[in-house]
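Okay, here we've got a single chain as structure tokens, the form predicted alone, with questions on binding and movement later.
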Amino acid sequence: MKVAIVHRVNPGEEDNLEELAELCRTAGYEVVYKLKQVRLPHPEYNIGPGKVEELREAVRKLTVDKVVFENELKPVQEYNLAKKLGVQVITRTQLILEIFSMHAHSLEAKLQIKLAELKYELSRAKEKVRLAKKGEQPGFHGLGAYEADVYYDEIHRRIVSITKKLEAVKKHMDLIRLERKKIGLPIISLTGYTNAGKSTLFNLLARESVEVDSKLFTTLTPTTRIVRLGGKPVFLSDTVGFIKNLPTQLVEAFYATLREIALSDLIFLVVDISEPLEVVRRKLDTSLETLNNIGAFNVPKIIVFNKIDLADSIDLNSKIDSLKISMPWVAVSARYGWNIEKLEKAVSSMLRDFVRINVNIPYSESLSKLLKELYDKSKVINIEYGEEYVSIDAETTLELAEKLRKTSLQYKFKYM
């Protein structure tokens, strides 16, 4: 399907047409025309009437099927544009909702997307019904049979129904989270701007094969695995990517999913360092702002500058220096595994949930079970089997260290 993309910017603002084009490609659209206009919003069309005529001519000549606006349009502007252009007009928010629907596989993700769609529609329902009664236009079909209040109430009823279903899913996820807490392992979340290489890094660290694609928003449902970093077992979660001006409805719908990041013990903030400096800075700022908005301000973070295999090695350090980073960072290539050891060392120095223990555990019927748990949850440095007891030197969780203390003949520990 051929699309034209449009961004009206206020004086002094930069356009976002490149990212909008990438979103269109992810949705399966072919961008055949781009239009930018610098002006204050026109009340009737958002862009000026002259640009509407220019756009109409492009739609006709290039046989465009749909027009996508970076700007948020009022229903009346959307209606007027569709009437003038003769094709459906959608906004960036609607485009992102389409993409999320394509990539939603789990029940939770599907419910979250549907909730976001309905909330977006609810804010526009009464005006859309009023406009639909004026005559059919592309994108305004099928509403004529509904009175505004009936249509509005129907959407509200569906929102209530889906919210209840999501509450049930949330309770199930809370139980899973509680079980993870009982195990006592630290939780690390992989976050960052969409398409920064989070899933590639996850696959490398977890030896997994979650879907990796150059398209945006491949990951919607978090994937969590127990992995070893520097010999220490941790929970590692691959999470949904961030994006500039993520629609409010999606932030609200995915709040429970995003909230898991805020409950982490450590965050890997993945950044594509191969992009131009200003793009890197903008995406890093957007990611940090999103983390602050979901309550993850105080969670320790390591910035993982990824894709150094695509970056100019001479320019790399000066580019990172220009960003004036005030938190720990590591530059890696998730694709080739470069500098992963440095990342693991950085993790070891920042995880405070582990303690170094030296214990002597007497032989008993429960010893084998205890040793299995030790190997599962710890970095075992040395074990010696004596005649009366087993001597253990390990880095382990506080919970397991306490359990070992209760059964030990001799016990020493220190915080890492």
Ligand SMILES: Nc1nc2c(ncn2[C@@H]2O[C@H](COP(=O)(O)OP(=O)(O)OP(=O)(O)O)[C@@H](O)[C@H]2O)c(=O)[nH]1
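Throughout, rigid core stands for the largest set of C-alpha atoms superposing within 1.5 Å between the two forms. Just count from 1 along the sequence shown to find any residue number. Just so it is clear, the model here is predicted, and its values are computed rather than measured.
Keep in mind the form predicted together with the ligand is missing from the figure; the text below concerns it.
- Contact annotation: residue 245 falls outside 4.5 Å of the ligand in the model of the complex, judged by heavy atom distances.
- Shown alone here, residue 333 lies within 4.5 Å of the ligand in the model of the complex, counting heavy atoms only.
- With a 4.5 Å cutoff on heavy atoms, residue 307 counts as touching the ligand in the model of the complex.
- Heavy atoms of residue 290 never reach within 4.5 Å of the ligand in the model of the complex, leaving it off the interface.
- Checking 89, 196, 267, 236 against the ligand in the model of the complex, a heavy atom within 4.5 Å turns up for just one residue: 196.
- In summary, the region of this chain contacting the ligand in the model of the complex, judged by heavy atoms within 4.5 Å and restricted to 320 to 328, 67 to 75, 167 to 175, 197 to 205, corresponds to 197 to 205.
- Core-superposed comparison between this form and the one not shown: the CA of residue 22 exceeds or equals a 2 Å shift.
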